[in-house]
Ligand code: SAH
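Form predicted alone, single chain, as structure tokens, below.
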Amino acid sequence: MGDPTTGSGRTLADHFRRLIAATGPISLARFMGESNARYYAGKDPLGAAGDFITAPEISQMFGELAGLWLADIWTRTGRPDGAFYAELGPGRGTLARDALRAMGRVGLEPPVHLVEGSPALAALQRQAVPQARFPADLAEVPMEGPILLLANEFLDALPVRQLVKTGPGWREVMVALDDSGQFTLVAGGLPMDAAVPEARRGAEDGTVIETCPAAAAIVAEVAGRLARQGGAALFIDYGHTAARTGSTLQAIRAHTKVDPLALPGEADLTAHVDFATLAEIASAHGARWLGTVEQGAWLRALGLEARAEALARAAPDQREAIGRAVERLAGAEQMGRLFKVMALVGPGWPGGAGFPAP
């Protein structure tokens, strides 16, 4: 695709250098947000020829089980009318296609709304799910009817804000230029102590705290929708279920970790999702939090091995590949432990398979 460029033909790195030289350091959140916006706008980053691969691209089993999870809850709620499927960050449309196929097997054929900001990916989604509508954001998703929502590896790409404890107090982490013109992280000059929970303000110098205001806003919106409209939602991503400190920012290009500051707009910038905080936000906005569990345990509870065996019997020559997919999706050293699944439902909606009973 070549270097991501601004409208003037300069690369995004050039744009940032000019901006920093003129106005001073910029926040890490701005650097990450603009980098990912440019990165996703003009390319398909998925697959062997791209930069990374997601669970739906590993095996159809992932999407099928996610779709059946939603369909099961909808069925046990009494098959309410007006339910629709929504997905945040739908990738190539693979997850939606597989989930909808599984839903159809139990009589659920909902309208489809794929929230996508990338023209390149939206074109692929139209091929995979031709009946879908493509709202630009959640505000354009229907305000009536139960919402059945999936968001897989969506929250991790939203910009994080980092705060670092310094001698004078807490400061925001900024991106500046070093003497050689390369990007580097520095502590900002403005006091940020008020943005840090009081219980954590006394941390040692050098301690870094990450927050993600964009993820918090989206989960709050989804939770409010569930409270008003009913429905169920799954957020699936890599992250942690207890408060932690330290930077988790990373960049992936061609399936390899690279310096997060080196290639703005050319690599996928991500950070671990703080599921502990998001669960509190969801509950505060009226949704019922069913729990946050490891992806491997959740998939196995939904019958991953049984589905794999059925696929292998139907295609014996693919048995070994199917086995590798199971290990990659659920293995403790693969995606099984690092990736978490957070489930939310509307008031009065039942719990779901793979989560502790209320």
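The first residue of the shown sequence is 1; numbering continues from there. These numbers were taken from a predicted model, which means no experiment stands behind them.
The form predicted in complex with this ligand is left out here; the points below concern that form.
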property: Partner-proximal stretch of 151-159, 257-265, 70-78, 171-179 relative to this ligand in the predicted bound form, 4.5 angstroms, heavy atom; result: 151-159
property: The unique member of 163, 112, 233, 121 whose heavy atoms fall within 4.5 Å of this ligand in the predicted bound form; result: 121
property: Partner contact for residue 239 in the predicted bound form: this ligand, 4.5 angstroms, heavy atom; result: no
property: Close approach of residue 210 to this ligand in the predicted bound form, 4.5 Å, heavy atom; result: no
property: 4.5 Å heavy atom contact, residue 292 and this ligand in the predicted bound form; result: no
property: Close approach of residue 87 to this ligand in the predicted bound form, 4.5 Å, heavy atom; result: yes
